[in-house]
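This document starts with one chain, in the form predicted alone, laid out as structure tokens.
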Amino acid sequence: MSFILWIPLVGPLAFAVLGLLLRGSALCRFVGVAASSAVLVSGLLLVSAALSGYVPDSGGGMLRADALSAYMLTVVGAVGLISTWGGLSSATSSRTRDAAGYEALIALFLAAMSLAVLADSIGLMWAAVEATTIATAFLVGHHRTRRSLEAAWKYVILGSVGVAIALLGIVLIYAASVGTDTPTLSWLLLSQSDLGLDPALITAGGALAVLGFATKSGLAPMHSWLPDAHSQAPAPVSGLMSGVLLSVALYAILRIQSITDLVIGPEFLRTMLSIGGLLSLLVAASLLIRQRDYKRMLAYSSIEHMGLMAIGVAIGPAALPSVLLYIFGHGLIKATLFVISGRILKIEGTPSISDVRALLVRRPGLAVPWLIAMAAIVGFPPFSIFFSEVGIIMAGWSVGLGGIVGAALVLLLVIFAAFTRLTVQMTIGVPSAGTAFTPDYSAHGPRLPIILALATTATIAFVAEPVGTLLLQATAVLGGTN
């Protein structure tokens, strides 16, 4: 079973090389889909192993797949598949320069995220997160326009600052282990309660590591790279970055938090994450009110959802199953929305909300899935985001953080109102007087990935077995019980 750990790492790399060798062939445009499929299949196999109580490791313990890692790998593969498969049409129109290079970078991006969630060493996890910065920097600037290159440089600079801060934190965590009998960066060893880590170094290291990874996860006030990068990247890349890269950075925070909580207790990081989460919700609410670009609207939505996830992480074990379900539901829906936004941009020729009117009448093939996905992202039942948000809010009340979740609820209402207004502007109404048109029922790309994503998020919250068991096992990995 240990060989499965290498499939999501070697598989995408092999597909990347194959795509470069097939440069100019129509087959190279499927490299991202193939790489995502390899990651997803590996994740599902590892989930099956985790549910049976088996935790495979390889590479001398450098790679390890407990229930949390297997779950996150499945999320990476699922979101990757929706983004690459669903984005085939919009991506094709944007890859006018180097389709083979583009697909190779997508595959490298997927391999780096897979390594981040499979690494037992927090140092290797950091290196994998840094590798995602390198791959996505070129993807963000793929269009080679002034705005896309500016967004890429901004992302590189701020992202590199974040991971540099995280590296300093990880060095301090290692220094805290030097005074023990086993100096190590292994998460498995660092998360043992009897290791005797230095509390002062763990406090400083944990704070810096969380601050650095929070930059990669788009939490305010380190969020300023996110709207530019997500709005300028090709739609499939935006779906991957928003749908799963942010969550991989949050996964790194969860791993660091489990170490610090054992040594200094939960209050320190709870305060940090609560402030960051509320500030992210405030930033998203204030900027969504007057938003004019629908891709930037989706980017600010990601800041909102990462903020609420951060609050869930701050709450602790009572909220972690809801946070993990949130990661999956948000990833699929956000990838779906970015895929559809790419199709709208391709057909309408503008990212401006004010220039896209009466979409439901003119282009029902795009408007209907857009409206359903919008209903899901703002938290309507039966979609899993609704149950995740309710779970986090109820868990907050149960542990005495009613003030924090109450403030979050107020900001969520503002965001809901802003999203509703902007969505209505784009979809509801009638075309301009005197404009002749024929309703366009085409989806302008594959329908099946969108249908699968929406159906999955509408039903997964009702699947107690094996989903509920997996979420509880993943929570238990972090030292929590529910």
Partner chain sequence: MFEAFYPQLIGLCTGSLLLTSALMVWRHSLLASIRLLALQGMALAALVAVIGIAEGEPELVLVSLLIFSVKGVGLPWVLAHQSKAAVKQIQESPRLNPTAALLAVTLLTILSYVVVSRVFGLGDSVTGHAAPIGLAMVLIGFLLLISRRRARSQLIGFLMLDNGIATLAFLTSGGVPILLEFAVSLDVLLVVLILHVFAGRMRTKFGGTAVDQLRELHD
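Positions refer to the first chain, counted from 1. Just so it is clear, the model here is predicted, and its values are computed rather than measured.
Missing here is the form predicted together with the partner chain; even so, the following discussion is about that form.
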query	finding
All of R23, F30 and S42 with a heavy atom within 4.5 Å of the partner chain in the predicted complex	no
is_contact(S302, the partner chain) in the predicted complex, heavy atom dist at most 4.5 Å	no
Interface membership of L188, the partner chain in the predicted complex, 4.5 Å heavy atom rule	no
Heavy atom of Q232 within 4.5 Å of the partner chain in the predicted complex	yes
is_contact(D228, the partner chain) in the predicted complex, heavy atom dist at most 4.5 Å	yes
Position in contact with the partner chain when the complex is considered in the predicted complex, options L195, I134, L345, L88, heavy atoms within 4.5 Å	I134
Listed residue (M62, V55, L452, L51) with a non-hydrogen atom within 4.5 angstroms of the partner chain in the predicted complex	M62
Segment assignment from 327 to 335, 245 to 253, 138 to 146, 72 to 80: heavy atom within 4.5 Å of the partner chain in the predicted complex	138 to 146
Residues of 145 to 176 having any heavy atom within 4.5 Å of the partner chain in the predicted complex, listed in sequence order	T145, R146, R147, L149, E150, A151, A152, W153, K154, V156, I157, S160, V161, A164, I165, L167, L168, V171, L172, Y174, A175
